[in-house]
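Only one chain comes next, encoded as structure tokens, the form predicted alone.
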């Protein structure tokens, strides 16, 4: 017996044992999802049921996937791996490109490459499906498909044993109704998951603070069962917020000791039952410290001094950087790539970009200065390349392109070194300021005609270390000009 067969054998033992216990059904299915994902060496697993009209799929158990991905939008059974409805086992090699995947952008964000799905059948009728997801592109073997098909059969038996349909209809009626109303929406925006009102003023204040920094959040996204009696949930705990980019649940509290004591009791129970869940109980001073820890704001206030508003959050930046790196990796496959940046503003962008490019590459840096009068200035190269780029493929990496004059000068200089090819990748494109129409091949974001800082960009040497990109307050700029 090889390692794979042994892994599948051990997984079957655990799955069968779990399915035959008296544990609540939700806990049984979550455990099966976990064992399935681990046996197939995948990053996640979901178990889904078809709606009574067989139009939509509802996720009833999952392992290894973020709440943001699980709540990405209503799953149309005829658009999302539709062949499973015909009883077929479906293998997707590239979830970001395959037309059978309903939310390819969400898959890209979650770093999902390949998907394998098998139908759930009860009495010969398809009632749902089980899926596994991998980060690395994968051609699934027949053994992988047979294993998942057998797991699907065990799940179906467990569902029938506990009369899953009746339990789910009672427990998830409100959620299913909301998702059906969103069936025609291409992708569920985060705003639609936000409440019309909050349970406490402190929750609304915290939400406004998160919005200022463009930190993604979900309000009361998930309820955790804490106690059961005869398969009926007797006690649940619903955290106030979930912050996907920190993978953190937040429960806010006042200083009233009785409330703190009760919430601490529930948190201890939650951590016993769901040790993989990261959750914190915070009051106002606690969450200000939390934001300060991650570079958002300072302990003395709720906003970074001098920042009018956040244009792009840390999460938005990282998603875009990964997307740019993926395009570059595809375009420059099997080529000798050199990244060239101009110090100092490009340091953050260059560092993150090169980490996500899946090709061998080298990097080099240049430095420039400006001289001349206020009405006429010119560029001077104070540090040239350290190595030759002759005959190599070069990408000029920029933090921001505004007038295009500096970039045009640098591109002409690089072209004189006879590279094989020369293209431009910029994080920010300030088109409103353009004077020279330089070609930009890879663009992160277009920005308005404002002074932007953060993520390497500075104002008088400050703000480079902010994890987001923000616009300075007009008052600060006017104040500096008057000095």
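Residue numbers count along the first chain shown, from 1. Just so it is clear, the model here is predicted, and its values are computed rather than measured.
Missing here is the form predicted in complex with a small molecule; even so, the following discussion is about that form.
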67, 55, 441, 458 - the one with a heavy atom within 4.5 Å of the small molecule in the predicted complex: 458
Just to be sure I understand the contacts: of 148, 401, 84, 92, which is the one whose heavy atoms reach within 4.5 angstroms of the small molecule in the predicted complex? 401
Would you classify residue 324 as touching the small molecule in the predicted complex, given a 4.5 Å non-hydrogen atom cut-off? no
Spell out, yes or no, whether the shortest heavy atom distance between residue 430 and the small molecule in the predicted complex is within 4.5 Å. yes
Heavy atom of residue 452 within 4.5 Å of the small molecule in the predicted complex: yes
Interface membership of residue 405, the small molecule in the predicted complex, 4.5 Å heavy atom rule: yes
Where, among 356-364, 140-148, 113-121, 405-413, do residues come within 4.5 Å of the small molecule in the predicted complex by heavy atom distance? 405-413
